[in-house]
Each structure stands twice: as structure tokens, then as C-alpha cells.
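In the form predicted on its own, a lone chain appears below as C-alpha cells.
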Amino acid sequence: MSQEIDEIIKRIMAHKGVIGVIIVNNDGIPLRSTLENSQSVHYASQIHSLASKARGVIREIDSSNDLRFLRVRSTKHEILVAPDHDYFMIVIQKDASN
């Protein structure tokens, strides 16, 4: 399983503009990352909070629904979040329009 995750991260990192990939547990703790530790912890903490809030909003609107993907675009970056039951993946990439 560990080798499979490493291959997925490697494949994602090969895409043009990708800055980093972080695998985070449901407590917001980074388990794997291609970024420096301080950046990983910062992104994981902030994005975990945002994704949890987004999931709560979706469930508040319709209790039978759930968050499947979250995409946030800023002037510098795009942050892609793919939540799962036990983990979620964060991908930070350069904004393609710049």
C-alpha cells in the first residue's frame, strides 16, 4: 500500500504546475508530503479546517449528501482537496491562468 501511495504522489507531482502533495489524516495531521514539514503542517491545518467546514455545509443543506472534492483558486495557487473517509489529499498547484 505504501508503495502504491508513493507512485500516486509521484504521478501527480509529474503534472505541470504542481507544487506539492500532502496526505492528511482526519485529525489534520500530515502523514506524507512533498513539501517542507512546516509548510505541510500549515497547509494541513488550514485546509483540514476549510474542508471540514465545507463538508458540514454540504451535509447541512442535504444530510444524505457529502463533500467529494473541493477546489480553491487564489491569485497565486489552486488548492485541490480530495476527501475520503479516513484521509484526504491536498494538491497545491500554480494557477494555470497566470
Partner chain sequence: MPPKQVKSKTAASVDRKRSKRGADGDDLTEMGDGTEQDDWMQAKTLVKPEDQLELSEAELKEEFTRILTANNPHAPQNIVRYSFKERQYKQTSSVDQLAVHFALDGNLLHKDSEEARKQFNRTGLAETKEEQAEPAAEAAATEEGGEEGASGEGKEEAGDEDAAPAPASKAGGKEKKLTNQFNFSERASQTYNNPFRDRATVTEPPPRASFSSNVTQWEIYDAYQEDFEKQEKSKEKKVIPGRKEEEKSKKKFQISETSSDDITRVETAAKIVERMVNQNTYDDIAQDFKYWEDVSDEFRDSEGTLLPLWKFSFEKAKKLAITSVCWSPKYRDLVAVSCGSYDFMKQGSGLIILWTMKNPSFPECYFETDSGVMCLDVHPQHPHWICAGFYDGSVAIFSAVDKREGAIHRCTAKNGKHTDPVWQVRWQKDDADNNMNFYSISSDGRICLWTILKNEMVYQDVIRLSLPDVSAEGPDGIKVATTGCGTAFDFHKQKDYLFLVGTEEGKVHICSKAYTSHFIDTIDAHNMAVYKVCWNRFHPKIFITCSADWTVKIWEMKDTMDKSESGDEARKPLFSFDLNNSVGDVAWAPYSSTVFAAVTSDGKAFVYDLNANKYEPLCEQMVAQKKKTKLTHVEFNPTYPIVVIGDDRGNVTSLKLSPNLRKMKAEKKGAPPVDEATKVQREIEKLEKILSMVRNQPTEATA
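Because the structure is predicted, anything quoted here is derived from the model rather than measured. Numbering follows the first chain given and starts at 1.
Same protein, other form: the form predicted together with the partner chain, not shown, and the subject of what follows.
The shortest heavy atom separation between I29 and the partner chain in the model of the complex exceeds 4.5 Å. Of the heavy atoms in V41, none are within 4.5 Å of the partner chain in the model of the complex. At the 4.5 Å threshold, heavy atoms of L70 reach the partner chain in the model of the complex.
Using a 4.5 Å cutoff between non-hydrogen atoms, E60 counts as a contact of the partner chain in the model of the complex. Looking at 9-28, the residues that come within 4.5 Å of the partner chain in the model of the complex, counting any heavy atom, are R11, I12, H15, K16, V18, I23.
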